[in-house]
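Have a look below at one chain only, the form predicted on its own, in structure tokens format.
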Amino acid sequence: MDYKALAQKLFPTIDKAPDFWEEKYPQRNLKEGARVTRFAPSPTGFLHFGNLFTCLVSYKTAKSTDGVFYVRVEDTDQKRKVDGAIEVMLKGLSVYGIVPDEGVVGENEEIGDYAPYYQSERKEIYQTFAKSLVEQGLAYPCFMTPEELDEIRAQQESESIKGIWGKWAKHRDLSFDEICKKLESGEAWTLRLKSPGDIEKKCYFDDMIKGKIEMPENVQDVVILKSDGIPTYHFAHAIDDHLMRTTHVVRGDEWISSAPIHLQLFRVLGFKPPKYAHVAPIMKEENGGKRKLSKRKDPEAAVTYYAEEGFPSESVNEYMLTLANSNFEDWRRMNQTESVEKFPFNLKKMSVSGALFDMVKLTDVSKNVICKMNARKVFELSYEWAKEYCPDLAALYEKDTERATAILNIDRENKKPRKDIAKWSDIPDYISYMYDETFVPCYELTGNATPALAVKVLEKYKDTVNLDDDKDTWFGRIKDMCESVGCTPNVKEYKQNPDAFDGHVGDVSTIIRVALTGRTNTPDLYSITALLGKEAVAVRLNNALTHFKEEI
């Protein structure tokens, strides 16, 4: 067989050799140990939590080593392309601080020396390497029809190894003349790898997360170019990862089964393979068992869910790192004010079997993140959210933005800030009592507070409250009221002799709190009173007094 003549017959317009592309895309000038990783989406859908998580791992792998993270779009299947999908994905990533150093950075917008980063624009590169494989006798044209392939699939139903190999690879050893006759008669062809695999041998690779993996060698003559000359994913990704000088490929562990094909392609092409890190899927507990987080069943599988609910990106990032590295929470306890960018991310600290998604944990993480934000930041982030997802809250804010910020600042910027807010969608209910439009009275009492005691307390307090008081003076007035309503200003004294009193200062405060807010648990009551204002305080105290009188 004259392989060079065959290669020229199959690829008459390809006039470059692989060396041309090797020189065009040289080794990167990076420090030793720097890792080059990528996110390689198809423009066929939108961003899901699993994509985001795997992408974060890939990004952290590069950034923790002063390496490079790039985005390559695998768009060879133009029939499945969804307009705008890449733009949506990139915006989704940027929300969570994942911004590529190079590659596709916008719809049809690229930066970097290894362009083009759209696979659809790299056809000549793939065909150059395909031609080279034919010249070396490592690939061949296959003329099997779809009907023939269907027939083989039916015959192989009981076979342990499926695909085109061995006796089924009937075009593997066609002569040059036989090939030429088929080409001249216009028969469609695909290009298949002439696999050097041995059914008796194993391939091995050291996965960065799962450790050493052993699998049977690939013996299939896989398609590397489809009949339209477009490469398959297997072939394209091997060439792109090599020429873009990718050092580490982070991907879902559903790709482990393809690893023997990929490692064989790298070897046949004469490339050093990247290191693989196969990420286990995010799991979810259900009925005492575990299953994969599902795009169909679980709203939290869609990244848009977190924006709609109002989880800050910082919270989602922190939570993903608790899933990604087993030592993150210990690091966070020791470094409470440090940016997550300083966390020493390590692939080897990832779960082999898959992390468990836990909404309660996400909520707790988010409360911790939000409680450390100052009021101005909470206002700005929640206002941006409200403008898109909760116009009623945005309208309340816009009445008086400084007052809104002050409301959000109650019990916030101190040593032990409250942790009432886990997401921006919690805020409408959280601050509802601060606005007459959303205040819903509720006069349920707790502790020793009774309607009769409430009447005595409110009659006294409505004539005592003074919004010009400082906090100590305000609380002093409440304590001074206690004796006149049959209570003690000293909680310890009440506990020592409860039969001597109707209640204590805490019960008096609860009655006032319920009257003004409709709740028994709120942030600092003094600050609430001051921000409600004299008129609202008077109206609410009188309404509550009327209610409790009717209850007696």
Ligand code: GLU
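Don't overthink the numbering: it's just position in the shown sequence, from 1. This is a predicted model, so every value here is computed, not measured.
Just so it is clear, the following notes concern the form predicted together with the named molecule, a form of the same protein that is not shown.
- Proximity to the named molecule in the model of the complex, defined as a heavy atom within 4.5 Å, holds among 389, 475, 305, 233 only for 233.
- The partner is absent here, but in the model of the complex a heavy atom of 255, alone among 176, 271, 443, 255, sits within 4.5 Å of the named molecule.
- Only one of 247-255, 187-195, 371-379, 405-413 places residue heavy atoms within 4.5 angstroms of the named molecule in the model of the complex, namely 247-255.
- Of the heavy atoms in residue 57, none are within 4.5 Å of the named molecule in the model of the complex.
- Contact annotation: residue 65 falls outside 4.5 Å of the named molecule in the model of the complex, judged by heavy atom distances.
- Among residues of the shown chain, residue 517 is not one whose heavy atoms approach the named molecule to within 4.5 Å in the model of the complex.
- Using a 4.5 Å cutoff between non-hydrogen atoms, residue 42 counts as a contact of the named molecule in the model of the complex.
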